[in-house]
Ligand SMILES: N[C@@H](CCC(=O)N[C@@H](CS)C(=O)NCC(=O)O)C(=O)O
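Have a look below at one chain only, the form predicted on its own, in structure tokens format.
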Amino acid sequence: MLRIHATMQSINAYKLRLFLSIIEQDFELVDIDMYAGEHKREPFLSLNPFGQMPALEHEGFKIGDSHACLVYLARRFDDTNHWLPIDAVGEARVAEWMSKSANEIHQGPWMKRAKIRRPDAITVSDEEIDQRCDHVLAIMDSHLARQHWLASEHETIADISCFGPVSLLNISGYNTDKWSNVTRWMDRIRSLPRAIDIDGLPFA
């Protein structure tokens, strides 16, 4: 059985749950009590010694980091290489946007949501976070004016990775409606067969 160790509301774990739902792969969510610090002690640290959610466990293989997990899942369960291309250009484009997800998007959209959940842990001001969101979404919006998907002519795990935190901005107090191309991109992901929201429910 494939297991994801994380909280239900973890944005990074949501990326994995969304992808697995779309590709129709069964998994078990092993709930971790973040507020009790379960991710900072054993047995979680044996899965990810950095103490960060999510961690993935499958047939004796263990790995942490949502992007590494997405790469594993795409290679393991997608024989067509649709979600993670194998040509040099395609794979590089996916890696480029996965890197942006781990950096610029993490420092803006992801942090916007995280500050609501853990205000004591995020010391950056709301104004600074909003400026970071403006910066990265402006770049994304310009990019998506020229193509429907971030890294390819079709959806890839780069879209799944970036969608997670960006899709939660509206309920976190940041209005994404001003970025029309980003809005249409999010709608395309929500329209994918079996796509789910962070609560595990199909999009309306």
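Residue numbers run from 1 along the displayed sequence. Only a predicted model underlies this, so the values are computations on that prediction, with no experimental measurement involved.
There is another form of the same protein, the form predicted in complex with the ligand; it is not shown, and what comes next is about it.
- Residues within 4.5 angstroms of the ligand in the predicted complex, judged by any non-hydrogen atom, belong to 48-56 and to none of the other stretches in 147-155, 164-172, 131-139, 48-56.
- In the predicted complex, E38 stays away from the ligand, with no heavy atom inside 4.5 Å.
- L20 falls outside the set of residues with a heavy atom inside 4.5 Å of the ligand in the predicted complex.
- Proximity of R76 to the ligand in the predicted complex falls outside the 4.5 Å heavy atom cutoff.
- Under a 4.5 angstroms non-hydrogen atom cutoff, the ligand in the predicted complex has I11 among its neighbouring residues.
- Checked against the ligand in the predicted complex, the residues H82, R93, H106, K115 give one hit for a heavy atom within 4.5 Å, which is H106.
- Of all the residues from 160-197, none has a non-hydrogen atom no more than 4.5 Å from the ligand in the predicted complex.
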